[in-house]
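The chain that follows stands alone, in the form predicted alone, written as structure tokens.
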């Protein structure tokens, strides 16, 4: 689904990412840990193609296609979607109008909005006066309408209370075709084998792992993927016990 090969990315002339290699298969959900300023949001921004993230070396492939030079619009049309940590307010644009403009599958928007408690928000300007939880739920609704094949989530639990995390977790599981992860093991195994959607989730706290099962964990430290391929919960426990520096040194 996604191949990031020896990626170097600069922001404002300063190199942030240094030789990152990341492979995500269809059906996999990866979790990315790392301290503030380590380059996690930079990696998501580079994958999405935002202009401020300048790829100075390396390649990004999506579904086998080199997308390194493609625009954000082209990448979105191919099937990449992102949820921002701090999305902007769009005055003069209602949430409903935005959803209609990005809906390519003739979704029943009201049906998607209801579980997220956003029916009454469709006529409101995007994110204007929204609480932290309402902003995050709005982001999830936009992604559900877009229905991307690769979902990039930048701290979906940031600034969200426990009730909203549960709602957001349900939406993420729907996006990643994990609706049945509460079912018996045999049913979950069958569901995993048929799953096609992939995800990359940035988290500081790890709270989202209580609601969204993940397959592989990574630590991004000083712009480099210091360790990878470990059980995300075990990796989080190591970070909590030893801190990022000692954890990455030990695992290396």
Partner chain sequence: MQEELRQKALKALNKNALNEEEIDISNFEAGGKEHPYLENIQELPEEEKKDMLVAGVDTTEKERTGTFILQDNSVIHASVLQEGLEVMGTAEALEKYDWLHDLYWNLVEVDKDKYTAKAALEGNRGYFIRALPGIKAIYPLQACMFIGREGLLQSAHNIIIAEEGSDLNIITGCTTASHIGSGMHIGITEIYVKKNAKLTFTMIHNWGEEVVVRPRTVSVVEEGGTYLSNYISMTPVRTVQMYPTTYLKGKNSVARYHSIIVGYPNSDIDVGSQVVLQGEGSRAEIIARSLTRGGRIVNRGRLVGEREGAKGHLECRGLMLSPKGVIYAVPELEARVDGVELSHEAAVGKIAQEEIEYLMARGLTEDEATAMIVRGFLNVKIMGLPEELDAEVQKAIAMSDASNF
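Just so it is clear, the model here is predicted, and its values are computed rather than measured. Positions refer to the first chain, counted from 1.
Absent from the display: the form predicted together with the partner chain. The rest refers to it.
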- [ ] Could you check which residue among 173, 94, 107, 158 gets a heavy atom within 4.5 Å of the partner chain in the predicted complex?
- [x] 94
Open item on the list: To verify the annotation, which of these, 126, 168, 113, 150, has a non-hydrogen atom within 4.5 Å of the partner chain in the predicted complex?
Closed with: 126
Task: 4.5 Å heavy atom contact, residue 119 and the partner chain in the predicted complex - done: no
Open item on the list: Even though the partner isn't displayed, in the predicted complex is residue 177 close enough to the partner chain, meaning a heavy atom within 4.5 Å?
Closed with: no
Task: the partner chain contact in the predicted complex: residue 139, any heavy atom under 4.5 Å - done: yes
- [ ] Would you check, heavy atoms only and a 4.5 Å threshold, whether residue 227 touches the partner chain in the predicted complex?
- [x] no
Open item on the list: Counting any heavy atom within 4.5 Å as contact, can you tell me which stretch out of 208-216, 42-50, 55-63, 23-31 lines the partner chain in the predicted complex?
Closed with: 42-50
TODO: For the heavy atom contacts within 4.5 Å of the partner chain in the predicted complex, list the residues of 75-92 involved, in sequence order.
DONE: 76, 77, 80, 82, 84, 86, 87, 88, 89, 90, 91, 92
